[in-house]
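Heads up, the chain below is alone and in the form predicted on its own; it's given as structure tokens.
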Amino acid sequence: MKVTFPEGFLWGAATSGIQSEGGFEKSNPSIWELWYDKEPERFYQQIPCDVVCDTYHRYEEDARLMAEIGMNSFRTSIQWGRLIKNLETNEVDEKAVEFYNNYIDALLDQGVEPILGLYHFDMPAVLQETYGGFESKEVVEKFAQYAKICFELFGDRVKKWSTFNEPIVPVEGGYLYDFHYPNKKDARLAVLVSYNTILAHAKAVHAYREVGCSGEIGVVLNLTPSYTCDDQPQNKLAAYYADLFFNRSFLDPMVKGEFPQDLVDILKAANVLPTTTAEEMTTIKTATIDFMGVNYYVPRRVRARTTVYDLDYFTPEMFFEYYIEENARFNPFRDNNEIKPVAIYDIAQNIKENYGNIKWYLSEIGIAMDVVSEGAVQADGLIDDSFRIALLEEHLVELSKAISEGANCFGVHNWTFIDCWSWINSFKRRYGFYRLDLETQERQMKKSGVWHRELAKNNGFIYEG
């Protein structure tokens, strides 16, 4: 079966600044450096983000390697704490400006369109410790000012921007489930940080319009469809609640400019609703985005609770519980996470039917393996990650079907270009088209890199699955 995509489709990969650049010559460490200093044992093999992929020094080499595997676009992020030298006065670090200018130019020279994000979980540590990060309106204003500086410095060449990557994740990890700093378990703060993040996004969108850049601005959301075990009303309601909390909580205000009333009512009843102003609500409502990035990895399986909720603070799990689908497929290399390619189709349908068919792209999709499962370099000079290729093709079949039925999708970015550092999991899981040798920094191509080159060249592939 021939699987094709629209003309001008974006083929590329994604990473973030903090996961790839390394900490060299950075004015302000992030919460990740701060947390590592406090609790290095929380990080897999105690690997911090100080060197990672060394992109700070190797961006020209990497741009060439991107072109070699057919990438015509690449998403990464600016590090707030690198670009802004003085976070009180917004004085920029000239070395950082030079680095990002050179990085952008190197990508463009290789025919790779840069898509830049403003925030990828990397709150400057001093803003977290001094103000509480996005617990504070002060930091909301600082983010808007930082965003404007980015647009003014780089908006002449960067034509696609995203304000936040997966904004719900720092809320979950930092304020509900303890896998991000500041490791609080406080529903009131979780909701406050969510609201202030949405407000910061809106202010950044307005700043982009004020600067008058000729490109587009959007946001990257991790959208995870919620599936349930049967059509019983209580289980369908559980799936509704999971979608409400984990998808619509950011999707609705960032795309439609409005908060779901059901969610507002639940949070008000739980006494965790933040104080808002009419001016803030207008700012959010009028912050119209041009496109959306969608990150997808695994589905969510939920049902009505069969056990008593036993946490002593509010979380979404009050309204449902997770379960494992008996006949599902799982990835043995990533915590046995479920593999469900049709979720891509379902996401596309949801966007088309409920969100005005806004222009979007698959900003992250990745199949985790590890060094052992990928194995050594083969006789042909490649690393055999055929498992990854087969699953990516399954997902792309579903995406192509959705596009043929009218989904407004303009590209696919795989996670990731080179194996990169991944938060407390550091390099436990590998996703790249190139393997990273942590000792030598050598980049070694995998079979998926050759596959991607042909995919981009042909704007599609022959599916034999």
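None of these values were measured; they are calculated from a predicted model. When you see a residue number, it is the position in the sequence shown, counting from 1.
Form predicted in complex with a small molecule: not shown, discussed below.
With a 4.5 Å cutoff on heavy atoms, Glu374 does not count as touching the small molecule in the predicted bound form; it lies far away. In the predicted bound form, the small molecule sits beyond 4.5 Å of every heavy atom of Asp93. The shortest heavy atom separation between Glu113 and the small molecule in the predicted bound form exceeds 4.5 Å. Taking the partner from elsewhere, Asn295 is found to have a heavy atom lying within 4.5 Å of the small molecule in the predicted bound form.
Contact with the small molecule in the predicted bound form, defined as a heavy atom within 4.5 Å, holds for exactly one of Glu338, Asp243, Glu166, Glu393, namely Glu166.
Among the residues His120, Arg388, Lys203, Lys160, the one placing a heavy atom within 4.5 Å of the small molecule in the predicted bound form is His120. Contact annotation: the small molecule lies within 4.5 Å of heavy atoms from the stretch 421 to 429 in the predicted bound form, the single such stretch among 397 to 405, 45 to 53, 421 to 429, 60 to 68.
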